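Take a look at this single chain, the form predicted alone, given in structure tokens.
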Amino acid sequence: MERVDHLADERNKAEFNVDDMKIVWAGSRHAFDVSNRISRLVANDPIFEKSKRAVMSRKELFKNTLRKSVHAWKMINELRLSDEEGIKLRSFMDQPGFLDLHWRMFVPAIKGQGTEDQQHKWLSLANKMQIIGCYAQTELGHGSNVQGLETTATFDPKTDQFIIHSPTQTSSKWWPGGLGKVSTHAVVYARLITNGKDHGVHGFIVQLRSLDDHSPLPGITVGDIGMKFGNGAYNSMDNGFLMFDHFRIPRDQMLMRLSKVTREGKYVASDVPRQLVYGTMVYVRQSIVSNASTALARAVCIATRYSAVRRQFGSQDGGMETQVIDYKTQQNRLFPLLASAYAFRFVGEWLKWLYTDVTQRLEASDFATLPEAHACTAGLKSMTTSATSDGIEECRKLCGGHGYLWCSGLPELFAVYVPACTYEGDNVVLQLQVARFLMKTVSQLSSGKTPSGTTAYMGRAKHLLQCRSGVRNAEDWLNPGMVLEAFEARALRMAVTCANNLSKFENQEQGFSELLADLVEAATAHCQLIVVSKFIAKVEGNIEGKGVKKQLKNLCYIYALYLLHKHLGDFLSTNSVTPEQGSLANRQLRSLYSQVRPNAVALVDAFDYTDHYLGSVLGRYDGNVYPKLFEEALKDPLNDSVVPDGYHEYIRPLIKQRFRSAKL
């Protein structure tokens, strides 16, 4: 039977070449080819089927994850996929599992912190999956405050061993993915103690389970922490707890690239700069930003397609009702999220360049740009993950009641994604790190030190503290210089205000504590400026493809002007814009929404997501929503029988009023 495209009319309205936009979204022709090929490889493999996750028991779901993960590993080897292709395959599998932590955390930790000998020994096993690893840092009582970790690693010079111990219940490792049931090894972070002296937190490679029968080794208590938010979702992952009872490991299992303990128990720092660890942190956080664009794009794709399918009200003389996407209220909520997905994609591209630049500088012992790069990646991780989790939930609301169905794909997407606001740094804590960096940068302005990188605009403080926006009409808000100046003035003035208020406190730490909320807002303004500036730089550069640049410019200014509208109080209180200029920005926004409207479906088609990856009846490529909703409903186990279990026991006695009277 020929497939009918219910969204064909929408696609025919597009004013740009969708295939060209797919290349821009992917980053290159090569990246698109890899993504397109691997996504379809996964979609066509029945083992990766995922429509029944919501009704699986926890044990069924976990076993299903093991099956998929091992199948993915076999495919990677049998098809001789490259590292790039392997990463894509695991991503399109779309089911959190132990492979994620093994490859994203365990292996990089050994690469970054292990000596050459340690890397040779452990990575030769890890790369072949002959051992399975996880990253055991977070504890029951401490997450963001890594220096507060309680697990100890005490050196015993008599046996040349470290004694790993959990002295309190709160010192239990808690949350590491892959730990609960799968991992054979872990990189465990513990307080290093030699000769009674605490040297702070260090990493150790620890075997947890037997390689023969997978049972926990003596002295180790390990298990799963239990069900998490949502059906399916992250419950496919065995997040675990771990306690040590004076568990011994050889001295050479301390990761010793940055520091080591000698046979005699002497603590020795190596010649390798500790700053090299930050290179790994930059890499992890840039990948999180890229993942934010992917997750938000999935939600926006579902909401946009369904908004074009769904019709409500507006019927004239019995004609067709109005498409929901044509209502300005829907556009005002949806199109900024569409623009955000593209914005986060391009700032993610820039962060990949930043990671390469930082790595090269670190290898040359150039640490000058490291503080700025650290603050930048921390802030962008925080800002993009918060915006994405909020955006996914907004997309669910944009789909009305049907968005609440599991088969819409949105509830599970939200449940899987929202932990990103916490892992790899709590978002508020990260923004406060950015704020400290900004306060330091502001304090150095008077000394003549020139800010660089993403804080370069602060070098023009004299101008930005005095300038007034030159916007006179709505079209002026399409001038990149005027938009950037407004965002720069807002960010700088908020930072300077915080710095001035801090200076009024005798105790700077007390002042920082009192001004936490203001500092977070100043950091957020700085991060939003970064994203806006990188989006503008992208659209002002060379972009090939029919009509592609025009659409990206529209999205760029929707992103910027919607932020201005949303945070208008900041712009007004800092005198970065006037109320009249704020009104002109809103007028321009409405015009941009009208220009994006005929291109909306094509703009989400450019994400090139398969129906398998989207996992949404509402976001189907062909728009055939309503018959498929019925099909999904009939698959539910409750519909296996017409008369439900429990009818004779509960319902019939109720409606027949046949109850036995209780004797008191």
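Sequential numbering from 1, following the sequence displayed. Just so you know, these numbers come straight off a predicted model, no measurement behind them.
The discussion below concerns the form predicted in complex with a further copy of the same chain, not included here.
In the predicted bound form, does each of 44, 121 and 436 have a heavy atom within 4.5 Å of a further copy of the same chain?
Contact check failed for every one of 44, 121 and 436.
Okay, which stretch from 471 to 479, 418 to 426, 252 to 260, 104 to 112 lines a further copy of the same chain in the predicted bound form, with non-hydrogen atoms inside 4.5 Å?
Among the candidates, contact is made by 418 to 426.
4.5 Å heavy atom contact, residue 74 to a further copy of the same chain in the predicted bound form:
Yes, contact at 4.5 Å.
In the predicted bound form, does residue 329 have a heavy atom within 4.5 Å of a further copy of the same chain?
Result yes; residue 329 sits at the interface with a further copy of the same chain in the predicted bound form.
Distance check, residue 55 to a further copy of the same chain in the predicted bound form, heavy atom within 4.5 Å:
The answer is yes: residue 55 has a heavy atom within 4.5 Å of a further copy of the same chain.
At the 4.5 Å heavy atom threshold, is residue 572 in contact with a further copy of the same chain in the predicted bound form?
Heavy-atom contact with a further copy of the same chain at 4.5 Å: present for residue 572.
Could you work out which of 538, 165, 402, 549 is the residue within 4.5 angstroms of a further copy of the same chain in the predicted bound form, going by heavy atoms?
Checked against the cut-off, the match is 402.
Among 457, 204, 406, 350, which has any heavy atom within 4.5 Å of a further copy of the same chain in the predicted bound form?
Exactly one listed residue reaches within 4.5 Å, namely 406.
Sequence order please: the residues of 619 to 640 with a heavy atom within 4.5 Å of a further copy of the same chain in the predicted bound form.
626, 627, 629, 630, 633, 634, 636, 637, 638, 639, 640, in sequence order.
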